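In the form predicted alone, a lone chain appears below as structure tokens.
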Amino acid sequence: MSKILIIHTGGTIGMTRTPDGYKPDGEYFRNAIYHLDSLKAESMPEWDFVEMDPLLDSSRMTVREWNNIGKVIADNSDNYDGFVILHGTDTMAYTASALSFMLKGLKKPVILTGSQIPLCEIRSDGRDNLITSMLIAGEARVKEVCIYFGGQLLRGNRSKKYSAMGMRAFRSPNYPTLAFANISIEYNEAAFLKEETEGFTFRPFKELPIGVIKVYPGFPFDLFESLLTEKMKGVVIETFGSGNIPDDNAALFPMLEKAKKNNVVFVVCSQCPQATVDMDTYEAGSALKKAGALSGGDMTLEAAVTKLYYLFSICDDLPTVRKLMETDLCGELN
């Protein structure tokens, strides 16, 4: 029988009502899952439970929390066949993307899940999300970092939160679904991450200054030039369509030149969830490429941001960082 570790980080699934709104309640949640008969069924894997301290609403997650979660998994990598992480939905895609890089080579399922309605409520979606995530982790057919939510298993670094109201809160706009939980769990094995030959080494992130800029019509590029100091490591710029920007080269080029001078890596992603950046497609995007900006391809914003953290944490050589940023490392990029 397989054995998995459940890691509770906080989020809606473990919250209870308070006068100030829903709030993480570790004592309630521990008691609730230990008394869930479904988790004791013969078809369920054996499981242990750990709780992060403090439990957090996922909007409060930082690089430090990503590292702490990753360390729990790394420290227990030989003791369990899989891992289930209970996490808030707001930044779940960021944590899943971060873990996909820092746990590269683990070759075990790491399934993030949570709920839109707390487990304490009668209509909670948390029961099914938890139970199915445990079954998937226990079967260990998918050996990568994933999000399971609302009947779908998605690659973690391809996922985005799509809805704050619907039970299918996440989508994978540029990559196929890995599994559907219908009457049986139907796996799409052709979409699984190819097993790596390299061994597992835990790679925690450094706490680095990484920025995100979202352009809009009339975007004042000159106002952001002051942010591009030597302290800034990387910036993800969310452009229109396949990599287009407002045509104001007089303001854009000084910003990009300053970034280049200060060794700031600029990565271009699209505001369209379903898109691939190609800065050669239109003249409006070619200025970015000529100024040394890198294409984020079809990466999500979450994957691009966490990949910058990862690369600058493991490498000090700027040309290598730039090359690897446009290279698929763990299924985040076509």
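Start at 1 and count along the sequence shown; that's the residue number. What you see is a predicted model; the values in this text were computed from it and never measured.
Missing here is the form predicted together with a small molecule; even so, the following discussion is about that form.
**Q** Could you tell me which of 89-97, 221-229, 128-136, 179-187 sits within 4.5 Å of the small molecule in the predicted bound form, going by non-hydrogen atoms?
**A** Residues of 89-97 come within 4.5 Å of the partner.
**Q** Please tell me whether the candidate spot formed by Ile237, Ser295 and Thr300 is one where all three residues come within 4.5 Å of the small molecule in the predicted bound form (heavy atoms).
**A** Negative, none of the three is within 4.5 Å.
**Q** Does the small molecule get within 4.5 angstroms of any non-hydrogen atom of Ser58 in the predicted bound form?
**A** Answer yes; at least one heavy atom of Ser58 falls within 4.5 Å of the small molecule in the predicted bound form.
**Q** Contact between Thr12 and the small molecule in the predicted bound form at 4.5 Å, heavy atoms?
**A** Result yes; Thr12 sits at the interface with the small molecule in the predicted bound form.
**Q** With the partner left out of view, is Gln116 within 4.5 angstroms of the small molecule in the predicted bound form by any non-hydrogen atom?
**A** Gln116: contacts the small molecule in the predicted bound form.
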